[in-house]
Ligand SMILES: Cc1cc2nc3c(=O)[nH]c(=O)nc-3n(C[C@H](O)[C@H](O)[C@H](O)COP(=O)(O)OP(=O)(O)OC[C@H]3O[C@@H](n4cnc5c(N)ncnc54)[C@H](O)[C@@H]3O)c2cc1C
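Shown below, as structure tokens, is a lone chain in the form predicted on its own; questions about how it binds or moves come after it.
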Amino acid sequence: MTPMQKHFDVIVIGAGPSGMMASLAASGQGASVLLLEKKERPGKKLLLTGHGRCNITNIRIPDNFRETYHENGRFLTSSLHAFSPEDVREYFLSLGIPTHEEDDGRIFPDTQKASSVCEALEKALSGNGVVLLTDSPVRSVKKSDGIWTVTTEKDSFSSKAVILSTGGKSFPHTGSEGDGYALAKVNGHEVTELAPALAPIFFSAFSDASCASRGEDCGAEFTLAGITLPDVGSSLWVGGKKVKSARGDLLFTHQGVSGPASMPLSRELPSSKGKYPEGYVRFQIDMLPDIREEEVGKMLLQAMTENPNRYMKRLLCETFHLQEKAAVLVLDGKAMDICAHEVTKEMRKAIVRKLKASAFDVEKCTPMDIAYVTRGGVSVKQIDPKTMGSKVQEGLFFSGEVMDIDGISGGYNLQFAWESGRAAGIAAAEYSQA
């Protein structure tokens, strides 16, 4: 049996999408590469992206990246221009994965399967001579006399360059358990506060979900579980101040809400470990975001005047094209079975307010383990945006979610994974061969 190679030009820690791309980029520069993965196979989180279809990138990113990657979007200027969404599409086409565009600029593989993307990357790793070791959690990364020593549970390896591609702390069952933060800290890097991003939001009114299984009345709000309100406006309020807004489809769950209209707001939730005080954090829904409140009031009054004997639930559905369960929420059970002519002026004004600003108390900060993305990470102030190289330790590079970068949903986070992985891989290979 041939002895296991112990020294490589580049060692990549973490075989998620960014780690695989970093390995391919480094090996493409002629470097010998070892890719270490703690789980039994690479790309476990990649398989979950796009609901299993793999939203590879988003064609709109060059025009909106400074906003959609939040406070650190400017950091991506160099890497994005070096490996744009169109470049990503061409790259995957070269791997045998043609893609197509769907709504909102989202790019998916024609196979509609994340597994095909992962398999293509694995095949490329093997074809490029990358040594992949699975079931190999890394315990330490240390530098001495210009050489890095990476120790796993079973072995030790050395290299001139190391790339940390360990992911964040969300979806830990895929391997993203925050290991990379400790490795970065011990090597002199600051890690900013970690919080869930792109996560469901829990409502206090839905906290006793067990009442449904007992057949008890959980209130009008609970009947919304399982329905989607299309294209609504939403906003998050903390201490009476609006901190962020969004727009898109809103899915009600047995615990609160999910979907494009709510998940981007989750990164702004206060990081308190306990339940929020009543009324402190509120989630507000605008069911008619394209119509001003004054106009909504006029439309409702006209409909009620023209249809005085129509039940209010039916009238709301017809006038504003609402789903029946959304009308139940707006009416709050108080005007369900009365006709339009029985509704008082005060009741009508309350209905208009609910149409434009239905508000729910948020129960608590979403648990990190069900967030899709981690907000926070290794501070980008200590990382070169062109090379993803450390400004603290020569020969140490970063890629992907381990850094303090997170984007909105729709292919933005995978685009960051690809572009940062490519930048880190090329730079690490050049450094190791200098």
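Numbers follow the displayed sequence, beginning with 1. Treat the numbers as computed from the prediction; the structure is a model and nothing was measured.
As for the form predicted in complex with the ligand, it is not shown, yet the points below apply to it.
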TL;DR on 346-354, 73-81, 171-179, 234-242: the one with heavy atoms within 4.5 Å of the ligand in the model of the complex is 171-179
Can you pick the one in Val138, Leu125, Leu331, Leu322 that has a heavy atom within 4.5 Å of the ligand in the model of the complex? Val138
Classify Val392 as contacting or not contacting the ligand in the model of the complex by the rule of any non-hydrogen atom within 4.5 angstroms, answering yes or no. no
Can you work out whether Ile61 and the ligand are in contact in the model of the complex, taking contact to mean some heavy atom pair no more than 4.5 Å apart? no
Heavy atoms within 4.5 Å of the ligand in the model of the complex: does Val10 have any? no
How about Ser18 - does it come within 4.5 Å of the ligand in the model of the complex, if we only consider non-hydrogen atoms? yes
Hey, which residues along 145-173 are within 4.5 angstroms of the ligand in the model of the complex, non-hydrogen atoms only? Ser165, Thr166, Gly167, Gly168, Phe171
